[in-house]
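Following this are structure 1 and structure 2, which are two forms of one protein chain, each written alone as structure tokens.
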Structure 1
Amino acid sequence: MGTVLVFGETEAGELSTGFWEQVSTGRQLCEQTGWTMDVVVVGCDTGPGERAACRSGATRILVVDDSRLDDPWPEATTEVLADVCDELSPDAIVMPRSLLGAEVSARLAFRLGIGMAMDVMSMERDDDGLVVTRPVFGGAATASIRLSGRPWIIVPRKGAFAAAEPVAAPSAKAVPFASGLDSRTLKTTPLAHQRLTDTGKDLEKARVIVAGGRGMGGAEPFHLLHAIADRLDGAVAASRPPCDTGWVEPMLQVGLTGKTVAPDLYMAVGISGATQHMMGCSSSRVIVAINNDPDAPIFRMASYGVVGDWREVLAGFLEALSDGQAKEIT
């Protein structure tokens, strides 16, 4: 019988945020094929991750707990996963949509001589394999791709598969897996890893996001966005130009190559609405665009729009938030 392997990436021992969406993808594959699901938890001090993975409903749960994997090390993780694949011979592998996950998938796909599909939005089994859809051209188009050689490597798009519910009782015991990882044969070496505190991590959880773009004109105006975000118990994000020019840290970037978010409210200030940016925020419930160009594409994707200079609009907005005037107007 076939198996689906879900790769459980960990951060500080905990499964990464997308894990339950991967499980959901894995379960859907199992439904379509009649296969069973395995999980491999990889990282350092993986105790919490293992315990959570036991609730995934997987038949087998393997663990690679190795201090060398504390920091992301794509080459080493590829070796570990290649070993696991040798052992389990999965028919499909569901990878996390993280920087590490994407890179390991690409390496593994070439090694195994198979295709991989990144940012999968839907999957359908047919006689020749699995037909998946994924965004291309920065989200301007969708491609459908048939994966036929096995294992199929699938990286689900964030938000495309609703997070699975953990099962009530552990479905299997976590078993250590001895990978033959030998640092001496690896060609790359990780050095220092500088973790920042304002990493935008809370972005993925925030209910309100206030995002600034090139139209903010510099680093200083982002203070205003922070002031508004604080008021609304939200977080600050950015389009790519503010990250590239160093106005904010790159970790705040939303979009195709940044984070994918879906808050209740996404306020885009001085952002034109390029498809690559909208890839990261188009699932937000309410999108507000503040832009002084009435023809900016963002207005086609926004629920509410204000055509104007952000300096004025945000001043009025913050004022209303601060003095309660908004209440009176309603």
Structure 2
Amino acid sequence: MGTVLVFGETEAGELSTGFWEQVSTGRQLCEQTGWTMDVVVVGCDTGPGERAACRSGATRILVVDDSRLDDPWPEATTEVLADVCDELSPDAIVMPRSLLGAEVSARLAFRLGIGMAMDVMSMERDDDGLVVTRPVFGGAATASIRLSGRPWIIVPRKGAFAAAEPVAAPSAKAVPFASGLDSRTLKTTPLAHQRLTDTGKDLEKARVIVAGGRGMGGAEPFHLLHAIADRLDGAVAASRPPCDTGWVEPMLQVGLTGKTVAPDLYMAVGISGATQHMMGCSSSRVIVAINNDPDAPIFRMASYGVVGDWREVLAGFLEALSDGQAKEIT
């Protein structure tokens, strides 16, 4: 019987925010193929992640707990996963849509000599392999791709697969996996690192996001976005230009080279809607665009649009918001 291997990336011992979407992807594959699902949790001090993974419904939960993996190290993580694949011989590997996950997926595909599908939106098994759909040309179109030679490496698009619910009771016990990781043989070595901190809400978990773009004109107007986000119990984000110019922190960037989010409400203020940005937010349930250019591309993607000066629109919106109204919106 075949197996689906889900890579459990950890941050400070906790599973990454997209793990349960990966589990949903894995379960769907198992339903289509009759295979079983395994999980490998990788990181340092992984206790919390192990306990959560035990409720994923997986048949086996393997753990690689190594102090050298406390911070993202793509080459070392690739070596660990290659060891796991050599041991388990999975038929499919489900990776996280994260900075580390994207790089390790590409490295692992090259290492194993197999295909990889990034940003998978749907998938269907057929006699010749697995057919997946994914966005192309910056999200302007979708393409169907067949993965033939196994194992298949699948990186689900953020929000494309609803997060799975943990099972009521642990389905298996977590057991250590003895990886042959030898850092002396690797071509890269982590040096000094700096972990950025942010007191705001996690963009990948926020149900409401208020994002600003180049049209905001500077750093000061983002205080207004913070005020609105606070009323809506949401988070503030930005397109690339405000991050590049230093108006806001780089960790707030949404887009192809930033974070991929899928909130219930995404409010885009002064954002033109370039495909690179929309790749990061197109999975949002509702997109509201505020822009003074009626021909801005974002209006083609928006659920609702307001053509006008964002200063006037947001000032009126903030004035109208009350705590009770904010609860209704969210």
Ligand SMILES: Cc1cc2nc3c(=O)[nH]c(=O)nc-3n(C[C@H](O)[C@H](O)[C@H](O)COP(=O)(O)OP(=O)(O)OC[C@H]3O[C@@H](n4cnc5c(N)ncnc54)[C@H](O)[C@@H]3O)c2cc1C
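Between two forms, the rigid core is defined as the largest C-alpha subset superposing within 1.5 Å. Note that the structure is predicted; figures quoted are calculated from it, not measured. Residue indices: 1-based, along structure 1.
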- [ ] Kindly point out the structure, among the two, that is the form predicted alone.
- [x] 2
Task: residue 15 C-alpha relocation of at least 2 Å between structure 1 and structure 2, rigid core basis - done: no
Open item on the list: After superposing the rigid core, is the C-alpha displacement of residue 229 2 Å or more between structure 1 and structure 2?
Closed with: yes
Task: Displaced residue check between structure 1 and structure 2: residue 208, CA, 2 Å or over, core reference - done: yes
Open item on the list: Core superposed first, then measure: what is the displacement of the CA of residue 316 between structure 1 and structure 2, in Å?
Closed with: 4.0
Open item on the list: Rigid core superposed: how many angstrom does the CA of residue 263 shift between structure 1 and structure 2?
Closed with: 3.0
